[in-house]
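The form predicted alone is given below as one chain in structure tokens.
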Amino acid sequence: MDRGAFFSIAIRQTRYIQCDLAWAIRSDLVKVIVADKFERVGLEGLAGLGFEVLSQPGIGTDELAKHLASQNAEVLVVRSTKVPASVIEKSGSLRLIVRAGAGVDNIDVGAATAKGIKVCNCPGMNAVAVAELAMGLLLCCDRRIPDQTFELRAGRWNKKEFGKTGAAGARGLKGMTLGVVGVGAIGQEVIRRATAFGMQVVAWSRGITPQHAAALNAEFGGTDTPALLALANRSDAISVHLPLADTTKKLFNKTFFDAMKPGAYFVNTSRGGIVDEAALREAIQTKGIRAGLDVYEFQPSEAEAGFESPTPKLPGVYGTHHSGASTEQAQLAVAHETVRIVKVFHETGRFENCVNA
């Protein structure tokens, strides 16, 4: 919408005005700052609750700090925008930060906790979307779909190469053993889809039990590091769904990749920091590991930027742009959940999905 353009909607007999940078309501109402692109249904939902909603996608960290200090907002909604301690320290009357997504590694939760600010997220809302991409990357590893597309676009017909089967070509997912590492909402959706493909699933998680695995139609794969290495040794493919934390940072290292079968597939749609990419590259080059990656160790934080990582350039690597949650279905679900979290906070003072309670 052009700057200065506006429209109005009547909600509770209050007039709301939208321009390209802000939703302006009555100045005496609770203010919510939305620092990233957000679905219209979410903006309208927040406005419908009677909040003054300031939508400023792409505001950036430095301007966000100034805005929080000057606007005295009580609620901040972010997606990818970083919220470091320097921003939180200048947050004025801020009481709640909502991460419109699952991971909160772009927010300094410790600094928020020290200032009495609650951090809430929207777990599970993007689970289906990420699981779908994980399966797509798995198929790319097996059938080399991007390579085939590239050859066709270059005007080359190469059925001789892409008709190969077995270790040199496609094996087919049916009958493969898939190790699913992390069985939260996303991991569970991956298991459902993998079993529909006829794969044998082994599930590993720090907190999983044999009963939990059985309920997911998966085999219990253990809870500790030796069990994780055993999983790597027996799996034809591995799909990772863990948050980035001190206990998971570079969990997938040389020891792990050394334990993987030659020619196995490794899919990561969670966080780049959980993988030692140098060790992964070595495994790709020496063991024929194929990888499907949506995230990278040193990926840009901006939506558009140069990216000169050696990993996605390797043959046998199929990459996407941290777009696992980027479907309309997922974003609408996240928007509705964000509105619900803010509504509950405003009406009851309770913080739903609070990660620093």
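Since the structure is predicted, the reported quantities are computational estimates derived from the model, not experimental observations. A residue's number is simply how far along the shown sequence it sits, counting from 1.
Another form exists, predicted together with D-malate (MLT); not displayed. Remarks below refer to it.
A residue is said to contact a partner when one of its heavy atoms sits within 4.5 Å of a partner heavy atom; Ser239 fails this definition for D-malate (MLT) in the predicted complex, lying far away.
D-malate (MLT) in the predicted complex comes within 4.5 Å of no heavy atom belonging to Gly263.
Proximity of Lys31 to D-malate (MLT) in the predicted complex falls outside the 4.5 Å heavy atom cutoff. D-malate (MLT) in the predicted complex comes within 4.5 Å of no heavy atom belonging to Gly182. Note that among 59 to 67, 317 to 325, 45 to 53, 303 to 311, the stretch whose heavy atoms approach D-malate (MLT) to within 4.5 Å in the predicted complex is 317 to 325. Distance criterion of 4.5 Å from any heavy atom to D-malate (MLT) in the predicted complex singles out Ala102 from the list Cys141, Ala102, Leu231, Val201. With the partner omitted from this view, the residue of Arg79, Arg95, His212, Arg171 that lies near D-malate (MLT) in the predicted complex is Arg79 [heavy atom within 4.5 Å]. In the predicted complex, D-malate (MLT) lies within 4.5 angstroms of a heavy atom of only one residue of 109 to 144, namely Asn126.
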